[in-house]
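The chain that follows stands alone, in the form predicted on its own, written as structure tokens.
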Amino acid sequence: MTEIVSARDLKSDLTLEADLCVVGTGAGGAMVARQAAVAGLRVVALEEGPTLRTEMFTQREDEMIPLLFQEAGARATIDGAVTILQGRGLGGSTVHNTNLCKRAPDDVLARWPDGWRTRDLLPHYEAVERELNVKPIETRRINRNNALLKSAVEKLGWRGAVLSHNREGCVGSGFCELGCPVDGKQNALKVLLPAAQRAGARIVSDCRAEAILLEGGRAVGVRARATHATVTVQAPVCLAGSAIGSALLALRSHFPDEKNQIGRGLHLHPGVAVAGLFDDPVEGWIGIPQSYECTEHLSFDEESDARVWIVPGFAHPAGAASLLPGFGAAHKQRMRDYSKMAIFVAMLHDQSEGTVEASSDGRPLIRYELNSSDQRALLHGMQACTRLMFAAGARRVLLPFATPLELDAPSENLQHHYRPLDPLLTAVHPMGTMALGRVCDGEARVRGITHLWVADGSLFPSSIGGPPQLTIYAAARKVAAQIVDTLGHR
């Protein structure tokens, strides 16, 4: 097995030759690296963030958020209206996500380009589900926060279901979002990257790709920057740095883009959290964070304003304290109620499209505004969460508008005009920006450049209305097969 090299330790420039350089080691990059290495290609995978190990996951917010998230958890749109939580480190966002595994809906894939419909992704979905041990969450493992959503869905007669996940050996510590301290996630870090290493892949952490090297319309390598050295990999390239990272790197590399499509079409699945206060303890931080969904208001009709996926959510103490409104004694009282609080999140299947641009200091400039339909859908989702909370038995419901709204009974008609920062939104599912049919062709190759592929959520030509990790794994597996077929016959 090859060793993971931290470029932080390099004292002089390093040049590597390979058959393929993969930029990013999250769901997409780890899958491509594993598949290509197992097929016999010499693979180098570059990771901007650090090498992560199970023993590092202390469950402390002050330690884990700066370690695991881009910009120490502070990445946001330029107006601050949407906080975007993205992974940084070996395994990418698969290290901090809540392990939800759900295929993209047929209604969504039916609008994607030929070659990317349900029938095309099916064998890859099935393979990933076997390899990562994806299975439905056992009913006995549904914690009270999720059980409250389940009971409300059943009481109202709405659509809902138990979700599937890729855990094995989970002890229900509830700290999935801060890295699993018992190594229970069957993810890129635990499963795919070790398999890539065993097959001979070289993995270099702590180095940020700065440019894709092009010669005569062909990708010939990657130049990356470490603390004290430059790392250059001479090889064809697969971008897998996320919808934000891959677009940013493409822009910095000055790819041919006559129609200015790179960085456009950004979808975020922005979500808003609605809190309910109950008489009895909820203790939503205990157990599997998300195990049940409500899909009653998740329409894939482009004309519908009911386009929200509702799932439980929960913030650990510091996160909750930063989100709950109020000052002084009022805020103190809200935190005293922390153990009796449930959280439901309305996540938009968004039609709005944002952009990623490159700033002068290399950081991404992310622009994203909700269109009028998404504004209506967001309010519709908050209304639905309110009904669910009261159906579950909440005595008060808190809506996180700029001027917080507290309800002690269901409201039939929430009146609120959305504006940026009112309410605050959080996103964990960036997609688009290098989309199939716009930037990439049907084989996930960047148009106008040979030997350059994309294998992450930036490929998605639309929002998918649910957790994207399974579709990223499956899409990357499909892309990897194309890469192996191409590079195996050079």
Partner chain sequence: MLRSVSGYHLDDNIAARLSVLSPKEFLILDAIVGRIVAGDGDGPKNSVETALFVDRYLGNLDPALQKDLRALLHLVEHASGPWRFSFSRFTHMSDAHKDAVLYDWQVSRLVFRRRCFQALRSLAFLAYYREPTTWIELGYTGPVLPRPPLGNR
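Numbering follows the first chain given and starts at 1. C-alpha atoms forming the largest set that superposes within 1.5 Å between two forms make up the rigid core. If you're wondering where the values come from, they're calculated on a predicted model, not measured in any experiment.
The same protein also has a form predicted together with the partner chain, omitted here; what follows describes it.
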property: Non-hydrogen atom contact H316 with the partner chain in the model of the complex at 4.5 angstroms; result: yes
property: Non-hydrogen atom contact G216 with the partner chain in the model of the complex at 4.5 angstroms; result: no
property: Proximity of S339 to the partner chain in the model of the complex, heavy atoms at 4.5 Å; result: yes
property: Close approach of R130 to the partner chain in the model of the complex, 4.5 Å, heavy atom; result: no
property: Contact stretch among 454 to 462, 31 to 39, 435 to 443, 65 to 73 - heavy atom within 4.5 Å of the partner chain in the model of the complex; result: 65 to 73
property: The unique member of P123, P181, G115, G200 whose heavy atoms fall within 4.5 Å of the partner chain in the model of the complex; result: P181
property: In the model of the complex, the residue from L85, L324, A147, L109 that sits within 4.5 Å of the partner chain by heavy atoms; result: L324
property: Full three-residue contact with the partner chain in the model of the complex, heavy atom 4.5 Å, for D13, E168 and A229; result: no
property: In the model of the complex: members of 383 to 405 within 4.5 Å of the partner chain, any heavy atom; result: A402, T403, P404
property: Displaced residue check between this form and the one not shown: R419, CA, 2 Å or over, core reference; result: yes
property: Inter-Cα distance between P420 and S372 in the model of the complex, nearer or further [3 Å or more]; result: closer
property: Pairwise C-alpha change, E303 versus L421, in the model of the complex against this form - closer or farther, 3 angstroms or more; result: closer
